[in-house]
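Take a look at this single chain, the form predicted on its own, given in structure tokens.
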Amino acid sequence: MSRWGYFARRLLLAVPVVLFGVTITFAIIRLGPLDPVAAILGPNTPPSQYARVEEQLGLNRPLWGQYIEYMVGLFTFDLGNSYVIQENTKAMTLIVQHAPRTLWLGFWSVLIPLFIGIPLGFYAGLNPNTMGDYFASFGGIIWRAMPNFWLGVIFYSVLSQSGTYSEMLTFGLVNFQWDAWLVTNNIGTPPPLNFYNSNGTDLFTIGGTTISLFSFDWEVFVRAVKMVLPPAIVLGSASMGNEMRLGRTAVLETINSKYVETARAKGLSRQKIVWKHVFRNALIPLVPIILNEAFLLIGGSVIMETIFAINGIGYLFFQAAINGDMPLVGSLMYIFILIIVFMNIFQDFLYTIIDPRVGYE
């Protein structure tokens, strides 16, 4: 089977997976305990008023009719209007408004494990049974063992109260105000993402659309990074521990393989062996681990955004679920399912880049 034929097959197989996922979502939403009418009117509502609102929302129609309307709306990206969170506001509008904060949190949550966990794991694998190896392995176990929800509460409690403890740490002749540098005084509020705005200078106009120059505000950018670092560290902590430990094991297995011994016997330098043979092959078992962490970030963002008040789509999903906002819950679940299916396809693509021996057959 050719490469393009394989990808076409994978894309076709993704369609029934998405259909099954959104069907299960519909069944849980419609047959579960969510009651948007009670969320809108309150628990003590006269039956006549309850029936009138239920009819307005279309919840008294046959279930198969609601299912067909639900599926058509999803696949045309007409996700309907919010019932409770913001009444008569399109679900897609709410998602677009909240998504940038989740993307900002997810970016740093993935970046921290990639540039800390994997390098430390590779270092430990290249230097086994040394103090650095013991330190990295112990750190990986500790980070992996701490539950995210517990660590998030601890981080928030310590950093929000840091001004009442010690505001200054002295390093030699330099006084370092650690809490002010780390989170300022705004922890528990959404990070500002307006650091990249138009400066009002128009360049040219195409089809009635004006293209303007953009200015970059470094002060706002640094503040946004500082405010998102604590939840990002918590969210990426389990990933960092996993990647550290698996990276160490992969390097140890690769460096003791026969082809590495052959390369060493041929007189290749240690640097060339490590970069050309060891690292590339050690990344192969890490690919599914790294991409599977994206699934954990989807669920973990709900918890972290609630604790740190990030106000992204994770927090939006939590509020929609507890308030019975069925169109919003269904829309967000649909987006989550699409992300997971896409990451699975992307994983197969990365395999072929890292290891050409992995065949599509």
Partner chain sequence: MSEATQNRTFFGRIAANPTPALIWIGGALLLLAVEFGAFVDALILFGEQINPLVGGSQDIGGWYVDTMYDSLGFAGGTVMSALGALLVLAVFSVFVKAAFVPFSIVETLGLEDLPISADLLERSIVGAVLAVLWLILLYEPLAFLPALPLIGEPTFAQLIHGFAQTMAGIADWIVANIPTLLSRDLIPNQGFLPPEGAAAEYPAGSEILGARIAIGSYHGTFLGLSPAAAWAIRVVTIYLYAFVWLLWVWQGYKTFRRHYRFADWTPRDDMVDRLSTHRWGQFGFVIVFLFLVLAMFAPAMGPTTTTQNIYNPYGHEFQYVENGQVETITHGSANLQSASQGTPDSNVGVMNYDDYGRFHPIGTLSERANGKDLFTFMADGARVSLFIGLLSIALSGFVATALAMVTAYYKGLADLLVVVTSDSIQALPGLLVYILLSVVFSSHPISNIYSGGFLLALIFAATGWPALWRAIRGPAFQVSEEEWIDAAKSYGQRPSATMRKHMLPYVAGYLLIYGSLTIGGIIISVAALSFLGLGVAPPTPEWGRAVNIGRPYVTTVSWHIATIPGLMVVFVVTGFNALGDGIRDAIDPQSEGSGSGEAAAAGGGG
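No experiment lies behind these values; they were computed from the predicted model shown. Numbering follows the first chain given and starts at 1. Think of the rigid core as the biggest set of C-alphas that the two forms share within 1.5 Å after superposition.
Another form exists, predicted together with the partner chain; not displayed. Remarks below refer to it.
Undergrad: Taking the partner chain in the predicted complex as the reference, which of 223, 144, 277, 90 has a non-hydrogen atom within 4.5 Å?
TA: Of the candidates 223, 144, 277, 90, 144 is the one lying within 4.5 Å of the partner chain in the predicted complex.
Undergrad: Which residue, 249, 81, 97, 281, has a heavy atom that falls within 4.5 Å of the partner chain in the predicted complex?
TA: In short, 249.
Undergrad: Okay, which stretch from 100-108, 265-273, 114-122, 150-158 lines the partner chain in the predicted complex, with non-hydrogen atoms inside 4.5 Å?
TA: Flagged stretch: 150-158.
Undergrad: Hey, in the predicted complex, does residue 138 get a heavy atom within 4.5 angstroms of the partner chain?
TA: Taking the distances in the predicted complex, the answer for residue 138 is yes, it comes within 4.5 Å of the partner chain.
Undergrad: Does any part of residue 238 reach within 4.5 Å of the partner chain in the predicted complex? Heavy atoms only, please.
TA: Because a heavy atom of residue 238 falls inside 4.5 Å of the partner chain in the predicted complex, the answer is yes.
Undergrad: Please run the contact check for residue 28 against the partner chain in the predicted complex: heavy atoms, 4.5 angstroms, yes or no?
TA: Residue-level check for residue 28: yes, a contact with the partner chain.
Undergrad: Could you tell me if residue 318 has a non-hydrogen atom within 4.5 Å of the partner chain in the predicted complex?
TA: Yes, residue 318 sits close enough to the partner chain in the predicted complex that at least one of its heavy atoms falls within 4.5 Å.
Undergrad: Return yes or no for residue 88: a CA shift of at least 2 Å between this form and the one not shown, with the rigid core superposed?
TA: After core superposition, the C-alpha of residue 88 moves less than 2 Å between this form and the one not shown.
Undergrad: Quick check on residue 129: with the core superposed, does its CA move 2 angstroms or more between this form and the one not shown?
TA: After core superposition, the displacement of the residue 129 C-alpha between this form and the one not shown reaches the 2 Å mark, so yes.
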